[in-house]
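Just one chain follows, in the form predicted alone, and it is written as structure tokens.
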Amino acid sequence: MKIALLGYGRMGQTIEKIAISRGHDVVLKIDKDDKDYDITKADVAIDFSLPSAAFGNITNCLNNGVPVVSGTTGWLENYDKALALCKEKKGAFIYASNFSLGVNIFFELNKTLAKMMRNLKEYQVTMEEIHHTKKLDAPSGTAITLAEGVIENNNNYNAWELDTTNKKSTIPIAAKRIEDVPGTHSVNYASEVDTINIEHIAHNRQGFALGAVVAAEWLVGKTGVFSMKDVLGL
């Protein structure tokens, strides 16, 4: 495939190496200051840009008939507009807060545990995410997806908040920034007698990058809005 990389930071550079190793050509590398480029050179675009740039990048792809995979977080106030444009243009679009195979299994495990804990009101859920100091948004998109997974499957909770909360129905998410941490997420159910904890620890960025390339390979030739559950058959 001919791939456009929209965003050429550390993730974009890792994606480039994996894409080339899998036999693809990277025909565009767009950094934050690049405005004029021909997206139609590409068979598919992978967006790991900035929250302020992501929606414009996705719109440009969909308007030009280029399938687009986005892993940028912090732009989701415009997510419904992107879905509507994708449908209008009969385009192809995947957004994931995290493309790692392990994290997507963790998402499903989180939902299953949330269902199991529904009737155990003595347990209170809390979450923590730890990332490198260059991550701009907090909490992480992955943590938000985890919180939404609990809310959808456990009627004791209806919202999440960054850091602390006094409301029993709200999930507090602690966000820490520590140098060179690719990403750690934990979900904790604590009672007076014990704590149940599930955790995912990323050792490097390669899992995220490989998942994004696999998603791009899968998306080409399709029409519609998809998720990593579709890609991985979960």
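Predicted, not measured: the structure shown is a model, and the values here were computed from it. All residue numbers refer to positions in the sequence shown, first residue = 1.
This protein has a second form, the form predicted in complex with a small molecule, left out of what is shown; the following refers to that one.
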TODO: Classify residue 182 as contacting or not contacting the small molecule in the predicted complex by the rule of any non-hydrogen atom within 4.5 angstroms, answering yes or no.
DONE: yes
Check residue 89 for me: does it contact the small molecule in the predicted complex (non-hydrogen atoms, 4.5 angstroms)? no
- [ ] Please run the contact check for residue 137 against the small molecule in the predicted complex: heavy atoms, 4.5 angstroms, yes or no?
- [x] yes
- Task: Verify the contact flag for residue 208: yes if a non-hydrogen atom of it lies within 4.5 Å of a non-hydrogen atom of the small molecule in the predicted complex, no if not.
- Result: yes
Here the chain appears without its partner; judged in the predicted complex, the stretch of 78-86, 153-161, 109-117, 93-101 with heavy atoms within 4.5 Å of the small molecule is 93-101
